Ligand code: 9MR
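First, one chain by itself in structure tokens, the form predicted alone.
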Amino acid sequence: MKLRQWTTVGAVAVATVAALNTVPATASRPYDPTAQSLATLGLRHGLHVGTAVNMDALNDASDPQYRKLVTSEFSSVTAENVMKWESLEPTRGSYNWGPADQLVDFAKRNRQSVRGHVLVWHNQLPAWLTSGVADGSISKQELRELLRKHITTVVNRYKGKIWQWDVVNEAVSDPWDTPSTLHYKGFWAEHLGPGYIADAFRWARAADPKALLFYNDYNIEAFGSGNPADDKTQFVYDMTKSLRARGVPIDGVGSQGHLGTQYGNFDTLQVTAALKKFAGLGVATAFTEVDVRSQLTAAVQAGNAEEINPRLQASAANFSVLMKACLAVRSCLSYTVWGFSDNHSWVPGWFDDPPEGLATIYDENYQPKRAYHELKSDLIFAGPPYVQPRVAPKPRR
């Protein structure tokens, strides 16, 4: 599907930016911040603006614009898939480091930081691991050792090359799960109990004393009822507080930021309040997987501007809410979009009943949307006294 009707203004903006970037500032032609990249504007505040990277797209010689924008617009990169366990060790004891190594090398050449994603998650596990547990050939004791070995091996390989690691991902249930009371969910909690979370952070710290170690989850942008039985943000806050009290080396909490324009999302002050509360625990924060999807009604798919424009405006507002909140809290270190172009977004392949899309800051033709320009304006117009440079924690021992 190609939705081109609203791209003209974006195309003109891109041409203008390209022209301005070729001309030095003078008295008659002053410096124009709109000509700067998201990366450059973010670093004014010490904030890394990043993207998840699809390695197939990065290596596609027929699509050079993807690589060009990853290089020019972002100061950090995250592996969308190639650092997940099923990709790194598809066969037991046999590692496929090539794509992940390539991303790390790419980032080094382009002076970009790297967010490592992800060490422990209940999805995208290798079949040999899950089937071994299911048929009883891998015992609980062996499973724990395999997890320790995986974390140690991966973190050791990239020691000194990863800025932030998502150590544990999506360990907490949702209110719509069964049971509805929030709890630790998934493969690892089922087979090892919730103690695996503290173990994972300790093993990661032993392998790299300097990387910042994050817990990462969705639907934790703001507090709700404050009851950990049904407020996921409160549950994660209490979990983080408990881990810190026990000396577990957790340095940060990542809020994924997967939003949808059809929902009643949060305002900037609500999100800011949540970030400040986590900062009170002494941890860093980050937005780690931001996208804002919309339902692709028949009218949207037909190119009806009356259906498309409100979705683009709502998307831009949601991207902006998270950016402004992050800028307002000095411990919010990075803002990462989960893919930047609709032609490489995970959303249409996952949300198909009803179909959803339009989730990123560039359209399918790499033209910047309203969301891109709102993020840029947030970065341009932010400054003292309410926006101050970032303050990163020292990695906890």
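Residue numbers run from 1 along the displayed sequence. Here the structure is a predicted model, which means the values were calculated and not measured.
If you look for the form predicted in complex with this ligand, you will not find it shown, but the lines that follow are about it.
Check your understanding: Which one of 106, 266, 121, 278 is close to this ligand in the model of the complex, taking close to mean a heavy atom within 4.5 Å?
Key -> The residue from 106, 266, 121, 278 that makes the contact is 121.
Check your understanding: 73, 89, 80, 231: which sits within 4.5 Å of this ligand in the model of the complex by any heavy atom?
Key -> Looking at the other structure, the residue within range turns out to be 80.
Review point. Of the listed stretches (165 to 173, 137 to 145, 107 to 115, 152 to 160), which one has a non-hydrogen atom within 4.5 Å of this ligand in the model of the complex?
Key: Stretch 165 to 173 is the one.
Point to revise | Contact test in the model of the complex: residue 31 vs this ligand, heavy atoms, 4.5 Å | key: Judged by the heavy-atom cut-off of 4.5 Å, residue 31 is well away from this ligand in the model of the complex.
Review point. Is residue 338 a contact residue for this ligand in the model of the complex, using a 4.5 Å heavy atom cut-off?
Key: Output for residue 338 is yes: heavy atoms within 4.5 Å of this ligand.
Check your understanding: Does this ligand get within 4.5 angstroms of any non-hydrogen atom of residue 311 in the model of the complex?
Key -> Because no heavy atom of residue 311 falls inside 4.5 Å of this ligand in the model of the complex, the answer is no.
Practice item. Using the partner position in the model of the complex, report whether residue 202 sits within 4.5 Å of this ligand, counting heavy atoms only. Key: It does not: once this ligand is placed as it appears in the model of the complex, residue 202 has no heavy atom within 4.5 Å of it.
Exercise for review: Quick one: name the residues from 340 to 365 with any non-hydrogen atom within 4.5 angstroms of this ligand in the model of the complex.
Suggested key: Counting only heavy atoms within 4.5 Å of this ligand in the model of the complex, the contacting residues of 340 to 365 are 346, 350.
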